[in-house]
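Provided below as structure tokens are two forms of one protein chain, presented individually as structure 1 and structure 2.
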Structure 1
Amino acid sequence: MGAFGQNALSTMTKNPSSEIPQGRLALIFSAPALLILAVTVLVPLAYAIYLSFHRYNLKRAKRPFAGFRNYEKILTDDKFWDSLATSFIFAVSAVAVITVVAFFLALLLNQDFAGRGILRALLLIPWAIPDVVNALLWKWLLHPAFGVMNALFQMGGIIDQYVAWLTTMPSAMIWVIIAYSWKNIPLATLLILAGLQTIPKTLLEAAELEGANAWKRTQYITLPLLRPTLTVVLIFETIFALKVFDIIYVLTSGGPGKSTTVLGWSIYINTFKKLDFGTGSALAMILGLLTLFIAIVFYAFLDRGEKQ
């Protein structure tokens, strides 16, 4: 080794501060991911905000600055409040179904029994199916002429003749919620199952020795310790449910009438049917702010629960 190399090696050995700081090194390695994130998320977001403040309609040559007029037009339109109410009805119902079913499925899969691994693997199948494929599957199942659901219900004596489930209310909303929940229950189940496996079994065994039944153990041990996991599940599922679009597009197209017109469908209609990108972007910003507010409320609830 030359004199220069020996001097450099001795300098780095004697003075560790000459090495690259850990924070800067982490920034260097994460720079490609941050660049991709900026290009794919921040740039479209900035452009959507820009569009929301302009009268950007492809049917018109001029696209002047509109300020908050797009937002004012939306907030004074009864159709917006109707779609917002429909979105909340859908989100609350779907999140409730997903959380409750996923919780009991996770309790079941957390037990030791033969075939548990196979059931855990089968649980992933609905989650692995693409959203549009899932919607098409349910559309065939609910077909008014040769749907499997009609055949099963008629065989069971529940109905006398085949029913057009997706063209009448409230069955259209109910089946949309069921189809959406079937697709999203696996993710919630896996998250809750992961939380259950962090609970020390000694606590449950001690409670059982003290005479606590299964409900008491769940109420006073499992649920309190699962609070952070359940909060995460609620945040994710609420955000996903509020921005739902694919299953509405395939199953009902916002119908019958406007009964399943959620905010995601309204954004699609304004942007790609009416070609009003300004109003569509403003609706998307309102939906984004709404989901951000709900996430903050859930996080505040989680922090308060952990501090108690």
Structure 2
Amino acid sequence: MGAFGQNALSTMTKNPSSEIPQGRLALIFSAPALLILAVTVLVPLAYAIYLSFHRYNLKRAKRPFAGFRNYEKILTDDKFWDSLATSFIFAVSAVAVITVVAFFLALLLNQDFAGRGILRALLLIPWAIPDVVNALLWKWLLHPAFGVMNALFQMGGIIDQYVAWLTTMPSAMIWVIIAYSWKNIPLATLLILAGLQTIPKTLLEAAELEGANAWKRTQYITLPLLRPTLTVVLIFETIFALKVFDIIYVLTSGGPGKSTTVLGWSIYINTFKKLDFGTGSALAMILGLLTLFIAIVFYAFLDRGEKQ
């Protein structure tokens, strides 16, 4: 009401005829951006929801309404639960690796020493590499016959013979997680570093004078104060990790067997290989709802933490 009063006042004091209402003005200003978002997000989203309730296979001419049958088919299919589990294993491990490594890296970069600026700049290299090229890079490092990882591990005595890392069972998943984390740690590090820099130095110095060692200071001062930042990092990283696709496409194609078939990969296969757009859309909706659910849970958690 106050805003309206102010607005009316300013309209009266200036030339009233040239003044467009602010709401309409805002709409005019943001029209091009909103139009693009509507065409590329809202309309497709609505159509994806429509598709998820139809039998829609490109190989068939008839596309009848199917109600919840696509969803039913998915939820009663073991393959779905397998890929959901794979997605969770991937997301939980990757987010854990990313957050822990990024936390320690940020602690390092928060120290005062010559060369810190260079390190921070170099950290942008893995971040700037496109996902696909990151996958290409790791595929080469892990090459079964000519990869440098095999050479290094053999030199270090960890393996006797060269290993086909990406086509054997547990190692394929482990390396996908490592390759994915490698690229995503830098951004998380920068975010955590920004959080660290808001913690007053005097607080840590006072604790040091009181005789608290580095571990105690981290545990009782840094970590609690960093909680909001860490929650934001966790939200973003989890949402991104659940959508993983690019790196799977190049590194493993969901294999060996189904061991790296995450939800994203199974949506891709169902839709664009099996041409079953109905089931693919329903799967994509499930992934979307899952993402939304996780975002809300994290958000509630963050909210509660801030109120405490």
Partner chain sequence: MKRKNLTRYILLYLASALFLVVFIGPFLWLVSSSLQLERQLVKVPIVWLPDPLSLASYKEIFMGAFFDEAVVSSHKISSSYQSRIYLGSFLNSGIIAFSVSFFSVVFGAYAAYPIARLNFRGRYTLLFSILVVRLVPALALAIPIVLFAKKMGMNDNLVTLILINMSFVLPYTIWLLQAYFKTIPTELEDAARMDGCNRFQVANKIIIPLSIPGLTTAGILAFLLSWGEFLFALLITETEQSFTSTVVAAMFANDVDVNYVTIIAAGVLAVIPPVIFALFFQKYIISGLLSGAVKN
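Fair warning: this is a prediction, and the values are worked out from it, not measured in the lab. Residues are numbered by position in structure 1's sequence, first residue being 1. Each form is matched to the other, and the largest set of C-alpha atoms that superpose within 1.5 Å is called the rigid core.
Here the chain appears twice, and structure 1 is the form predicted alone. Relative to the superposed core, Leu35 undergoes a C-alpha shift of no less than 2 Å between the two structures. Relative to the superposed core, Ala26 undergoes a Cα shift of 2 Å or more between the two structures.
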